[in-house]
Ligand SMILES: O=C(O)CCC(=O)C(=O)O
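The chain that follows stands alone, in the form predicted alone, written as structure tokens.
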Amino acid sequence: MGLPRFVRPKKGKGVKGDLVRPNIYVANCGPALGISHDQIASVFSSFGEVHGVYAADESGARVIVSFSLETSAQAALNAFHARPCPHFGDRTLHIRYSLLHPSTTTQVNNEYVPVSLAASVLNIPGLYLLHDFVSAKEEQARIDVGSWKSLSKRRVQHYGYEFCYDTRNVDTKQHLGELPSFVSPIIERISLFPILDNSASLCLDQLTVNEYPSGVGLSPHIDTHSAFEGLIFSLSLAGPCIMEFRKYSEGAVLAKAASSTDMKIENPDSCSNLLRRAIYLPPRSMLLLSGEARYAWHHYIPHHKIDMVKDSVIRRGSRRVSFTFRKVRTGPCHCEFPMYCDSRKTKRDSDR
């Protein structure tokens, strides 16, 4: 179940003219200011039963407190609005009534997903995360070595083969050369990844470097099956982020998206049995997508400047840089996940 959505109060609307509601919007209060949701619930519960405390936006400094009764919300507003609150370091709180969003009166919005710190607890086969894969010194030495190419919201570098965003694939006839020497130590370390079979031949030959400014994320997608083999490694540098994983069990339709890097779901909100997981990627960590994690789960970076991790606020840096290492596929994909496979879809279309 996700969290309910609330309508933000309109600017300039007076408190006395508002209709009393059981939900209140509280500004200057939240995890970004060192005040946890549990603390907020404890303080406001003195006015009556609190159903829940929710983030009002991405700032971490504004919350929604949801009471069982309208009279409880009214009492809290009268006691705390525009007054220093001794329970929160004498911060002056600004409070308005808040309405439950009409579209969520019969259904909930699942924007919030609990964030894990380790891949092992997500129960996604083939997903692995290693912290401190490179040192801070190595991190600084590798971020801006190559030349950047600007896209609409981020900058990229391509090595080995260029990823073609219009076709969501690579042209195997256009080889850009071997991967640069400055990533050789990283590739050597990848070969020692604990879960890899010693006999496994990586032969990584494609590298995409992405620079994400603060607040810029990545749309949900699966790296195109026909473009790349089954192991994808992504090294996070410079700044942290949250990566969410989504699996659509029914009604998923692969669709072409010219602005996306890979395969996307068409009309994702219409799909049933959606599974969602989220993990925190700290700087210098290496993520491995293999098996089901690589072929069947969409990965997604929310477009946030602030992420909530275990009731703590994590502010993204001014930039995040990722190094994604892949092996270009030279033939059709024969994976065990035909529902998400563009090679199978192409074959089905040609057989019609």
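Since this is a predicted model, take the numbers as computed values, not measurements. So that there is no doubt, residue numbering starts at 1 and follows the sequence shown.
As for the form predicted together with this ligand, it is not shown, yet the points below apply to it.
Trainee: Looking at 125-133, 184-192, 218-226, 142-150, which stretch has residues with any non-hydrogen atom within 4.5 Å of this ligand in the predicted bound form?
Mentor: Result of the contact check: 218-226.
Trainee: May I ask whether Asn210, Ser234 and Ile301 each come within 4.5 Å of this ligand in the predicted bound form, counting any non-hydrogen atom?
Mentor: Per the other structure, all of Asn210, Ser234 and Ile301 touch this ligand.
Trainee: Report the residue, out of Met243, Ala119, Ala238, Leu93, that has at least one non-hydrogen atom within 4.5 angstroms of this ligand in the predicted bound form.
Mentor: After the contact test, the surviving option is Met243.
Trainee: Find the only residue in Arg284, Arg320, Arg294, Arg62 having a heavy atom within 4.5 Å of this ligand in the predicted bound form.
Mentor: The option sitting close enough to the partner is Arg320.
Trainee: Indicate whether Ser66 is a 4.5 Å heavy atom neighbour of this ligand in the predicted bound form.
Mentor: Output for Ser66 is no: heavy atoms all beyond 4.5 Å of this ligand.
Trainee: Taking any heavy atom pair closer than or equal to 4.5 Å as contact, tell me whether Thr324 reaches this ligand in the predicted bound form.
Mentor: Answer yes; at least one heavy atom of Thr324 falls within 4.5 Å of this ligand in the predicted bound form.
Trainee: Any idea whether Ser120 and Asp38 get closer or farther by CA distance in the predicted bound form, knowing it moves 3 angstroms or more?
Mentor: Pair moves farther apart in the predicted bound form.
Trainee: Do Ser36 and His303 have their C-alpha atoms closer or farther apart in the predicted bound form than here, with the shift being 3 angstroms or more?
Mentor: Relative to this form, closer in the predicted bound form.
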